[in-house]
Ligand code: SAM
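Okay, so here's just one chain, in structure tokens, the form predicted alone.
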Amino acid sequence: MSRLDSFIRRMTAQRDILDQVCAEVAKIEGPVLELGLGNGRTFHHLRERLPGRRIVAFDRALAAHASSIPEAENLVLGEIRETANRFIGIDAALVHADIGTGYEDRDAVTATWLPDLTARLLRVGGIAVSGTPLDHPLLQRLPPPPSVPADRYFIYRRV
């Protein structure tokens, strides 16, 4: 599969999963945390799907389109592993993490800290959506929508 086709499949899976979980997240108290703002496409999508909800976005540096930048108080810049730790206990309704690189060695390092961080950011019953697996005893894996191939994108509930 070409890298373009892979990207399209990943974005389609991300959108389909976020559309599915946003209806449930709308009923759960707490902010939404976007780990990896990037160019802001997902932030913009979440803002449309969850109007009025506080969305805090994290990234190493600001590279988002001007229409997709959160308010200053909801933008956290720096190494996500370090900056998001300050938000442990915030009881997020949704944590979305799209920080995989496609390089197995780099993603293996992220896998050593991202699952635990995600579990500690979420409230019980909260939802995690990730482009990489989040293997953690407090995160129960949920099935994706039928349109999403297995292991393309991942959904979890904090138990």
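Note that the structure is a prediction, hence the values are computed from the model and not measured. Numbering starts at 1 and follows the sequence shown.
Below: the form predicted together with the ligand, not depicted.
Open or blocked: site for the ligand, pose in the predicted complex superimposed, 2.4 Å backbone/C-beta cut-off, 3-atom minimum: Open.
Non-hydrogen atom contact Arg54 with the ligand in the predicted complex at 4.5 angstroms: Heavy-atom contact with the ligand at 4.5 Å: absent for Arg54.
4.5 angstroms heavy atom contact with the ligand in the predicted complex for Arg41: Heavy-atom contact with the ligand at 4.5 Å: present for Arg41.
Contact test in the predicted complex: Ile80 vs the ligand, heavy atoms, 4.5 Å: Ile80 belongs to the contact set for the ligand.
Contact label in the predicted complex: Ile99 to the ligand, heavy atom within 4.5 Å: Output for Ile99 is yes: heavy atoms within 4.5 Å of the ligand.
Answer range among 115-123, 87-95, 28-36, 130-138 for contact with the ligand, defined in the predicted complex as heavy atoms within 4.5 Å: Checking each option against the 4.5 Å cut-off leaves 28-36.
Contact set, 48-75 vs the ligand in the predicted complex - heavy atom within 4.5 angstroms: Those in contact are Asp59, Arg60.
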